[in-house]
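Single chain ahead, written as structure tokens, the form predicted alone.
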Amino acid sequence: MRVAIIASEAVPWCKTGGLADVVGALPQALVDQSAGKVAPATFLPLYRQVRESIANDPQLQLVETGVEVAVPFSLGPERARFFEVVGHGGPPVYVLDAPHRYDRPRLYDDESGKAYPDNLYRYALLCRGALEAATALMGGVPDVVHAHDWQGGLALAYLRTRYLQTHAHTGAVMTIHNLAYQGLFAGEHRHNIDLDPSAFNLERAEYFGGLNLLKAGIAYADVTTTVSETYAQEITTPDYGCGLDGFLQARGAGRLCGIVNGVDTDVWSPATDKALPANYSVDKVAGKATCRQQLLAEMGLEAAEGEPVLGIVSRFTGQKGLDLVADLVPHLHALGARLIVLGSGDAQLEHRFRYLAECFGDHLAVRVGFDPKLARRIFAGSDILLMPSRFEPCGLNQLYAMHYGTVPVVHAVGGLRDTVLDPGDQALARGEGTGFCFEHPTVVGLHWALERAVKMYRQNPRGWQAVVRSGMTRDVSWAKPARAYLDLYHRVRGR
């Protein structure tokens, strides 16, 4: 079975968020779980970031495929060509070379955070180009096209209109990684990207007179998935539906499902992670104490006996609930805890955390920026990971934390509810759960859950180790999610 995966980012070549982790890991998991019977290929833009990451890795190279495309835009055909990324050892990855669209410092926006004005054309080119080239590159018509987020949404609109005759038996799957980002553009632009006129109506891509690329993908998909079962339910409600709840409800339960993301446990493993000062495993945990000591030293903090280290690795946005954490900082002394924060994003939140670090420097250390190796040291060296997200489609950091023996404290929403099990203090101490949850995204709710965690850490070390072990032995790999996607592909194939 040939599966064409169309997305805007994938590790290790380009990343802004969890989408990249999923797209980077899923293809190999599909091959492994199908015993090689599924042949996926990933289609990405050849961003500057991709070109640089390949140039910096002596094992990788870009090889010309000889496949060129001419995408019909209103100002004339837009030509581009595909290269293959060779040497990474996984399923094929094809990148679309169009320097005038993709050779830029950042993926989606400029340094001020303003979206590139031609984003519609950039991802229309990717979607149409991938469909045009897939048959030649994959050795036959794809059996399934799997599009990710709004940047891939047009692929399914083109598939079901412009490629209906040649791809009549190709299944269409749409995955929503975060419904809050929908790809909204002025309606008149539809004429410029060769969108079939039938696609622009209330039941398809039209949204209050504008063009909604995510809605287009959902409308033309045989099945839409999102990245946790709870989030699949939440997005059909006004609170989390971001204006598409009614549209998603009308699609019917059989056409929307949740599949929780996995973790590439070959890449994310405390036993082999080269970013850590000491390695460890569930049966040989001594190295975690070394990671904790080194992390405190690196961040300029000290923690007395019985004082847990709290960690946060996050984008600084309202979604992530970091304002709740900021309100909690003055209470860290009373809790007897130290907090380490890594992230960037909203300028006001960045400024607020820098200010708090100056005022409460004995209990708080803040690093503003993107530092993947430090993030790994935080996952390993912290005792507790805080994720008070107001909404969270899946979340990966709680999975990394559990795998690294760090106990998550989370708001019970979306994928956090599905992956962090909190059966109560006594059951947690017996190893029957993996973390601490709170139901209401308020400072009071966060403080209540964190207080429970700190109390167990301090007063019941044996119970705490039972929670740690439960998290480390939980299967967070891609095996189960990949099998769910395989079942889905077989279901939609040939429709």
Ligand code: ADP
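Quick note: we count residues from 1 along the sequence shown, nothing fancier. No experiment lies behind these values; they were computed from the predicted model shown.
There is another form of this protein, the form predicted together with the ligand, and it is not shown here; the text below is about that form.
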| query | finding |
| --- | --- |
| Options 104-112, 388-396, 244-252, 81-89; stretch whose heavy atom lies within 4.5 Å of the ligand in the predicted bound form | 388-396 |
| The ligand contact in the predicted bound form: residue 369, any heavy atom under 4.5 Å | yes |
| Close approach of residue 284 to the ligand in the predicted bound form, 4.5 Å, heavy atom | no |
| Distance check, residue 220 to the ligand in the predicted bound form, heavy atom within 4.5 Å | no |
| Residue 313 within 4.5 Å of the ligand in the predicted bound form, heavy atoms | yes |
| The unique member of 379, 353, 123, 158 whose heavy atoms fall within 4.5 Å of the ligand in the predicted bound form | 379 |
| Interface residue in the predicted bound form among 332, 412, 309, 375, criterion: non-hydrogen atom within 4.5 angstroms of the ligand | 375 |
